[in-house]
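Taking the form predicted alone, here's one chain by itself in structure tokens.
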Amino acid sequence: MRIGAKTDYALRAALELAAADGDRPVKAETIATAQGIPPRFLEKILNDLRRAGLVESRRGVDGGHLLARPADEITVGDVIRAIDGPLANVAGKRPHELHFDGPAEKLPAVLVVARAALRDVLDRTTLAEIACGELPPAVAAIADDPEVWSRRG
């Protein structure tokens, strides 16, 4: 799985909004400063999140941005899909749409299972959980395994 800068920034911006957890909008400059995100890039990201229905914008002196739904109803997967589209694709196709012959015949099944594993973590973990430091038990158990933190290849 590859997370680009735009998605990284989108996740961190959404977490700033989740941490604010209220009806008071947060200014883009506040988010940009708190997370070290270039302000112009952040505005584009916030617009993408708004178009996806994850963020609302309010104008005026007291304006800013806030989550469109409670933070416990928005998952990490929702934010990633809003920026990058489907969690897994191969040359523009989703894994379940693939068909290969010969020795590669079972490759689509492996990719579908990998996508399911991603979904299991990313669609199970909400912004509220990350913002308050409480991961879902299944995710926390994986994160507590030192082996998952080791680099391979």
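Predicted model only: the values in this text are computed from it and were never measured. The numbering used is simple: start at 1 and walk along the sequence shown.
The protein also exists as the form predicted in complex with another copy of the chain; that form is not presented, and the subsequent description refers to it.
Scanning K106, R59, R51, R40 against another copy of the chain in the predicted bound form with a 4.5 Å heavy atom cut-off leaves one residue, K106. Contact between H96 and another copy of the chain in the predicted bound form is found at the 4.5 Å heavy atom cutoff. Heavy atoms of A68 never reach within 4.5 Å of another copy of the chain in the predicted bound form, leaving it off the interface. Using a 4.5 angstroms limit between non-hydrogen atoms, K27 is distant from another copy of the chain in the predicted bound form.
At a distance threshold of 4.5 angstroms between non-hydrogen atoms, R119 is in contact with another copy of the chain in the predicted bound form. Taking another copy of the chain as positioned in the predicted bound form, the residues of 77-92 that bring a heavy atom within 4.5 Å of it are, in sequence order, R81, P86, L87, A88, N89, V90, A91.
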